[in-house]
Ligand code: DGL
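Given next, in structure tokens, is a single chain: the form predicted on its own.
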Amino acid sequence: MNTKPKINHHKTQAQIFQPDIQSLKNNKPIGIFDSGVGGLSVLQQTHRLLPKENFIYVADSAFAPWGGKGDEFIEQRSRIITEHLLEQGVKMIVIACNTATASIIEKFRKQYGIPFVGVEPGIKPAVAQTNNGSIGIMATQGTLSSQRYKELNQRFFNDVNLYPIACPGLADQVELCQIDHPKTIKLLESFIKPLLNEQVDTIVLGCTHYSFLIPFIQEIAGQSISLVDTSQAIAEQVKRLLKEYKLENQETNTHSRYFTTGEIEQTRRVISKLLKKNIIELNLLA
């Protein structure tokens, strides 16, 4: 494996460390990974905002989803993928999974010498958006059980009423690309209706997989319900850090590469359908 960039462990506003900028190259790719294909929603928004950047996306499809897995398992899988991305020479890593962010991002920021961007339920923007102070949180059980979520909950506990609901099986339907399948719609109805009974006017999508279900979530919840999806905010954070660390790519010949731990042809079909383009280069990460 390549030598890891050195880490200077002192806190900045953006990160808990200042990476050794000299060891990072502007034209190197940004790594994005998730338990499966959910993080493609983050890739879409980031690529749209930063069209000059190169990307490597890793889907741990053989082990997806991570929502019900323990911290030890998530750390093991995340470390394998992170070190693979470092071998590919990435200049930044986006952990496009709420569960993994909550579990390991602080540890990885301390151990690896590049910037990390994570995702977490968008409670802060939801608080700014709500009119009646009642907010639903759709997420995995792993995210809702995490210390990171508990801290978010406590931070806004006095400002609003938060109604979290675990959504088992929903990410699995996205992994199968069964976006409009009757089973998916039935699951969505079973999760959204209890939130509507609590009179929520805002719903936070606390899993990157759920971004692909927005049209159906909106249809079931109704147009009066605001949905908070953090993919755009993540893309903006990536842009801000690239500028801060002077890592913006200046070249125009850009490309994206994809890796999966799952079955190649099945994953290719799913990624191509979700991104609405034919994905040719898909590699197996053993």
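Not measured: the values here are computed from a predicted model. Quick note: we count residues from 1 along the sequence shown, nothing fancier.
Another form, the form predicted in complex with D-glutamic acid, is not on view; read the next lines as being about it.
- The stretch from 233-241, 64-72, 47-55, 215-223 that comes within 4.5 Å of D-glutamic acid in the predicted bound form, counting heavy atoms only, is 64-72.
- Using a 4.5 Å cutoff between non-hydrogen atoms, Thr140 counts as a contact of D-glutamic acid in the predicted bound form.
- In the predicted bound form, at least one heavy atom of Cys207 sits within 4.5 Å of D-glutamic acid.
- Although the partner is absent here, Ala171 is a contact residue: one of its heavy atoms lies within 4.5 angstroms of D-glutamic acid in the predicted bound form.
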